[in-house]
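Let's start with one chain on its own, the form predicted on its own, as structure tokens.
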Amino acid sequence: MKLSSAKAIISSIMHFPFKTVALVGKYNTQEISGPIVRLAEFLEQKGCKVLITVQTADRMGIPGFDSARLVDIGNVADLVIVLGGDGTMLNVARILAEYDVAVVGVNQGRLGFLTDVSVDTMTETLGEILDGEYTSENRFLLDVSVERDGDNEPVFHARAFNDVVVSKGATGRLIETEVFIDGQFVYSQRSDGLVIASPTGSTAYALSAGGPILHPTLEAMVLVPICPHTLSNRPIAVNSHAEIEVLVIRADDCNANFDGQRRLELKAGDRVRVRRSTHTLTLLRPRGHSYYDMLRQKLHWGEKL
């Protein structure tokens, strides 16, 4: 293949025809209504058809634009812009992962590992993205099932973008679990819990619990014990195609949490199975985005004390 032909193919791959753009806002934050309207007007000037999620439009009283439910947006939008924080992005990611739609985040929260476009410069940055000046990242999600009473039929299903956490509840007592990877026994532990994180979630709860940061391109998941009773229980990274099983041995009060946004009470004997989802989410980043620059900025690396 000639070099010129290869460049043409790469260019066509990297430049999406963003004709229909959907806006999703953190609906319980009234301050976001102004930026949403400003961005919607900007997108219309760029020749895009604009959709605003029904929940965002209704809660914030934003008239004058077409609206659609979030669960329907994946079928009609070419690009989804999320205005809020990482929590808003997590919710959107779980719903839209089944659709071939690109997502970009505008940060209205605090850290913003997933929503890294500044609200102050969003029209300039998003204008460049609409012109094809961006890079894309495919992030995988986690599928979770819970089996109960020795029955192989799951009683619960969930999906997570960041992490699955099996942890103690309000009583504060340690829980006892056994961990298996691809059917092989790994260890038993008494602890406050266990975090199973994707590379995306490695900078969230897993990092606070002492886990490593996984680069988003790694085909891996990380298991991070939370305050283990045996200090030799350390974080471990495994292949992203492995199946992780957490068996609850003893627990007076135990929960499974998914991205910190869904919760299920667990009982002794429950098996929590975590697998890599077949779905991925396409995140768009501004051209020139550096993962390491982002880490240094968000985590304040290299600052003088």
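Values in this document were obtained by computation on a predicted structure and should not be read as measured data. One rule holds for the numbers: they count along the sequence shown, beginning at 1.
Heads up, the form predicted together with another copy of the chain isn't pictured, but that's what we're talking about next.
- Stretch 210-218 is the contacting one of 115-123, 154-162, 210-218, 95-103, since its residues have non-hydrogen atoms within 4.5 Å of another copy of the chain in the model of the complex.
- By the criterion of a heavy atom within 4.5 Å, residue 192 is counted among the residues contacting another copy of the chain in the model of the complex.
- For residue 233, a non-hydrogen atom is located within 4.5 Å of another copy of the chain in the model of the complex, even though that partner is not displayed.
- Mapping the unseen interface onto this chain, residue 87 falls outside it, with no heavy atom inside 4.5 Å of another copy of the chain in the model of the complex.
- Using a 4.5 angstroms threshold between heavy atoms, residue 239 counts as touching another copy of the chain in the model of the complex.
- With contact defined as any non-hydrogen atom lying within 4.5 angstroms of another copy of the chain in the model of the complex, the contacting residues in 245-265 are 249, 255, 257, 260, 263, given in sequence order.
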